[in-house]
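Only one chain comes next, encoded as structure tokens, the form predicted alone.
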Amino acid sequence: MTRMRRIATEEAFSVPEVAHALRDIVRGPSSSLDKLLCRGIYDAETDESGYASMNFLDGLLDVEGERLRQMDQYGVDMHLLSLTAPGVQMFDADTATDLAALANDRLAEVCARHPTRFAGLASFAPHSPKRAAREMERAMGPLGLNGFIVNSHTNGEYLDDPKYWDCLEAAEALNACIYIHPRAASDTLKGPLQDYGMDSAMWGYGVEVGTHMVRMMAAGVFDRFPKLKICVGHMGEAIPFWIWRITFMNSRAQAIGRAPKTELTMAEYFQRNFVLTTSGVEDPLALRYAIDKVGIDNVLWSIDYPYQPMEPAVAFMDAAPVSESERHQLYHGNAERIFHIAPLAD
């Protein structure tokens, strides 16, 4: 295989101030399912989940040391960095707004120090939509970042709610993609997801983001914002495999008045408004199906570092049963186009 640029598009980081604030949050009274993972990352003293033994926090905070060393070792040219889940969305609106701006400043500084190695997705506080829109403009303007990250629901609410549409309007106007990253299911969804390790990446995260995606499509959000691009990870959170049935059942729901009339079908919104990354799903059959379902222009490679190791993610894409031109798009071409990353000079 010809050596080609490798841009990984769902790569987590954090800053000490957010880590300390989340440690305080998980020590307080709350029934949030996010606390299971957050205790394991930010407060080993109270962790009951076993996550603390994986030492994710070091990988999140050390952006320019061990991460770069592994990137060099495994031939990863660039990480598209984003503030790790749950980002700023567990805080009150004022704290979330301040911490999002701080994290974005730190992210822009890292990208400026290593412009060929790091790009960045900006955080924002959806629970303060007008301030979030201003921060989004600052992130894509003076800070020079590459898009946005949101950790699915905010206070149990989703982006189909018009109260959050200032954020969607800003993203569309800026031609900037929003990456919807998982967080633990809301209190109204979490019931049977709390046992057997199902709360996070094994099952709960996909259920949660998949629910968010379907709500946005079924609500007609993309009639209001037809040029809005949404990125989701983990090979589409299973939606590529369900989209035929989602489309059929939604058309029936519309016909009997249980869902609003939309201009396009669910499948058409999925192909027009969503892009997918491979983060954490190293299955060649799933990759081929995703490409065939949404088109090669809409699938991007990623690792999900530090939660997933770099070496097997590179080996997976190097060996994937795709053509050479498809591999170029998966590894870097689509990321350059969707996230405004400058191509390498010839």
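In this text, all values refer to a predicted model and were calculated from it rather than measured experimentally. In this text, residue numbers run from 1 along the sequence as written.
Beyond what is shown, the protein has a form predicted together with a small molecule; the following relates to that form.
Using a 4.5 Å cutoff between non-hydrogen atoms, A201 counts as a contact of the small molecule in the predicted bound form. Among heavy atoms of H153, none comes within 4.5 Å of the small molecule in the predicted bound form.
When the small molecule is considered in the predicted bound form, A85 lines it closely, a heavy atom lying within 4.5 Å. Taking the partner from elsewhere, H181 is found to have a heavy atom lying within 4.5 Å of the small molecule in the predicted bound form. The contact residue chosen from V294, V63, L37, L287 relative to the small molecule in the predicted bound form is L37, the criterion being a non-hydrogen atom within 4.5 angstroms. Residue Y205 is the only one of F118, Y269, Y205, F91 with a heavy atom lying within 4.5 Å of the small molecule in the predicted bound form. Only one of 316 to 324, 303 to 311, 22 to 30, 65 to 73 lies within 4.5 Å of the small molecule in the predicted bound form by heavy atoms, and it is 303 to 311.
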